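Next comes just one chain, in structure tokens: the form predicted on its own.
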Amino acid sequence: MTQRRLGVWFIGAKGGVATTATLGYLALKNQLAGPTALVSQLPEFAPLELIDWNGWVIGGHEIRETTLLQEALRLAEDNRTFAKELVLSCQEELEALEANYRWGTLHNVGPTITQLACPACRQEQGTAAEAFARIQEDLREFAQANSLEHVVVVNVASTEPPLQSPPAVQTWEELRRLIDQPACPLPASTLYAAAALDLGCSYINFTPSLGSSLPALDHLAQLRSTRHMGYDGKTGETLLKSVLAPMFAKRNLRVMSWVGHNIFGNMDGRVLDDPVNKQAKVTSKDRLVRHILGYAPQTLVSIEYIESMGDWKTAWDHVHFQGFLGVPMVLQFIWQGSDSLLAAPLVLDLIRFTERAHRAGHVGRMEFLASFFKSPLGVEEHDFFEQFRMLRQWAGGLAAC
């Protein structure tokens, strides 16, 4: 397989998901880990000749003063997310990546995220237009310094507060004028998306933040012949909903209520402890059931920050449904897993599939990646198996070329 030079730029580059994805990539490259949990390693995708684990260069934006090695060791020692020995075996490479990180922007990320930023990062802040220019300069330098053929930008930062009234901008020209305004309302995730797409980079929004959701960003992707997709990675409880809800629908069992309680204690949980930030996440997690069923049962989704849980997330779900002769019945399940370990392989999958879409000349939203997201852009289908069929269909079309 031909070795290619691929740049991977993480937003939230030293958070749990990015750190785990980076360590996971190094482990795969050095044959210290197997392909378990990687969708892109399934046999049906072998004909795509996806980019292998060589030739990747990783960098990113971060707002906290820490190192990748420190964060990896914290996940190993405090959370038992993975073995400390694995981190130490990759120590030299983790330390070498430090040269590729830059301070991120705090524009409209809200007070909860802002208070996490170190003083050096806060000093870098300015207007939206200045942040946009600085992001582009960082990406340009990263690509040039490492002789990269393409850069995939992946947003795995903490969830921003939602915009109550997203700007009604349809074109890139309108959005560009908005960025230049002194009181630009756009959040950081959208500035990152605009900066990346304008340079021809691919953009993936793995968070519930606004990102590239505005129509104007898809217009920009069309103008620059690049691609994007999001939003909010589907890793745990919502993944199960997208599998189980079709079962109720296809067996004609009427769901009367679906209640889900989530507890976890990592950085994402700490940010989501703020009710304003939590709103975007809850909305994304809650909409899926009614879309699949075609009606709206009573639903409740709660997310609570329990510090002692660390990176280990627990979800309890109670599904009250009506069976034959109107008899009420109950399905309950418990989902427990490491938040970062559930997300990281999907991030690596998305990077590989996106790089392949770049080589194929795909432009605009990558709707075939819907199975990876809670709220896939441009896709109304939420049945996991139907979404996965879209991915296989796309792969089959490329393999046949």
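Numbering starts at 1 and runs along the sequence shown. Just so you know, these numbers come straight off a predicted model, no measurement behind them.
Separately, the form predicted together with a small molecule exists; it is not shown, and the next lines address it.
- By the criterion of a heavy atom within 4.5 Å, Leu23 is excluded from the residues contacting the small molecule in the predicted bound form.
- At least one heavy atom of Lys14 is located within 4.5 Å of the small molecule in the predicted bound form.
- In the predicted bound form, Ser213 stays away from the small molecule, with no heavy atom inside 4.5 Å.
- The small molecule in the predicted bound form is approached by Ala157, whose closest heavy atom lies within 4.5 angstroms of it.
- Across the options 353 to 361, 41 to 49, 56 to 64, 26 to 34, residues that bring heavy atoms within 4.5 Å of the small molecule in the predicted bound form belong to 56 to 64.
- Comment: the small molecule is not present in this chain, but in the predicted bound form one of Ile292, Leu191, Val169, Met267 has a heavy atom within 4.5 Å of it, namely Met267.
- Out of the listed residues Leu217, Leu139, Val87, Val109, Val109 is the one that sits within 4.5 Å of the small molecule in the predicted bound form by at least one heavy atom.
- Contact with the small molecule in the predicted bound form holds for all three of Thr207, Gly233 and Asp339, each having a heavy atom within 4.5 Å.
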